[in-house]
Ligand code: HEM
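The chain below stands alone and is given in structure tokens; this is the form predicted on its own.
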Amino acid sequence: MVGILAKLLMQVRFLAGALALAFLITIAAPAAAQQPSSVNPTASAVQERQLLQELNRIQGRVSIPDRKSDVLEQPAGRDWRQWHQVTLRWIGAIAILGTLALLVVFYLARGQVKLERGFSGRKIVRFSAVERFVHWLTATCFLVLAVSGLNVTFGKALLLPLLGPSAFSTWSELAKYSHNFLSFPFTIGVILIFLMWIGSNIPNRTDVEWVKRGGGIIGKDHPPAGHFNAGQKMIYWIVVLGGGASAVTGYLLLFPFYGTEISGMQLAQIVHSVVAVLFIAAMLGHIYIGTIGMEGAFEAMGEGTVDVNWAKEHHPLWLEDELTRTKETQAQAAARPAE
């Protein structure tokens, strides 16, 4: 009896083992079918080129509303970094330092544009108090924006070794806030300049003749000009268009992701920086002419008046219109009966 039970137990164990082995083979077969019989190290799945091509699609999944946060790596950022740290510095250095060098050479060769007849002592109003306020508001904001903006591009390379980390951090923080907040009055100033002087800055045939004759800067000729000559009109449109482009792209950066994605912000930064350095270079020429480049020019915006001889040499058409308007006003006042 015991021998029969032992044989039966052995048969049950054998049957259970066979079933277990069959089960393991069954579940292992699909997994084995998914594995290659051999690995080819040169296959496209492991080639470096294919892996690099996948970089522009490296992103994950997020559950928060901001879908932009699912991007883990943005390869275009490397091109932007190269632009910001290398290319922009070269463009800025060539534009700004090149303009300064040309102005120095021009001043040494030409000198200051003097009044041929000297000062007469008689003054005429050139700009009103409102016009001068808007000009200096915009100019002051521009100077702060230019210095603080250049700090972003050149500060780390030029100022950090001189100031040290602590002082440079304090300066950069101050520059950042001044750049951000003064952008608003600067934009208002550009808009007001556009509205105030648009009527006097439409190009005409007089401007063509002024350019042909060197504008009184090259040589000793003094071609006629109205309220603004061709050079001043050029500065006007640089301020309006350049200031407008700087404002629009600057606000896209100041308020990120409200109007564009990351690629749009990178493009806005490129446009903003290029326009800014060219804007600065152009304003250096404007500052030169308005200060040491031309005798009697600074008084126009400094005091609001200019000498009559200065007006005769540089803006005779405007002076004629002003004198005619003054005579008409005096004649109308004299024609009124006394009360």
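Just count from 1 along the sequence shown to find any residue number. Remember, predicted model here, so these are calculated numbers, not experimental data.
Keep in mind that the form predicted in complex with the ligand is not shown, yet the notes after this line are about it.
Novice: Within 4.5 Å of the ligand in the predicted bound form: all of Arg126, Ala300 and Leu319, by heavy atom?
Specialist: Judged in the predicted bound form, none of Arg126, Ala300 and Leu319 sits within 4.5 Å of the ligand.
Novice: Just to confirm, Ser246 within 4.5 Å of the ligand in the predicted bound form by heavy atoms?
Specialist: Contact with the ligand, yes.
Novice: Does any part of Phe142 reach within 4.5 Å of the ligand in the predicted bound form? Heavy atoms only, please.
Specialist: Output for Phe142 is yes: heavy atoms within 4.5 Å of the ligand.
Novice: Closest heavy atom of Trp210 to the ligand in the predicted bound form, within 4.5 Å or not?
Specialist: Although the ligand is absent here, Trp210 would stay clear of it in the predicted bound form, with no heavy atoms inside 4.5 Å.
Novice: Taking heavy atoms only, is Lys176 within 4.5 angstroms of the ligand in the predicted bound form?
Specialist: Residue-level check for Lys176: yes, a contact with the ligand.
Novice: Out of the stretches listed (248 to 256, 196 to 204, 109 to 117, 213 to 221), which one is close to the ligand in the predicted bound form, meaning heavy atoms within 4.5 Å?
Specialist: In short, 248 to 256.
Novice: Pick from Ser183, Thr99, Thr87, Thr260: which has a non-hydrogen atom within 4.5 Å of the ligand in the predicted bound form?
Specialist: Exactly one listed residue reaches within 4.5 Å, namely Ser183.
Novice: Does any residue in 140 to 165 get within 4.5 Å of the ligand in the predicted bound form, counting heavy atoms only, and if so which ones?
Specialist: Phe142, Leu145, Ala146, Gly149, Leu150, Val152, Thr153 sit within 4.5 Å of the partner.
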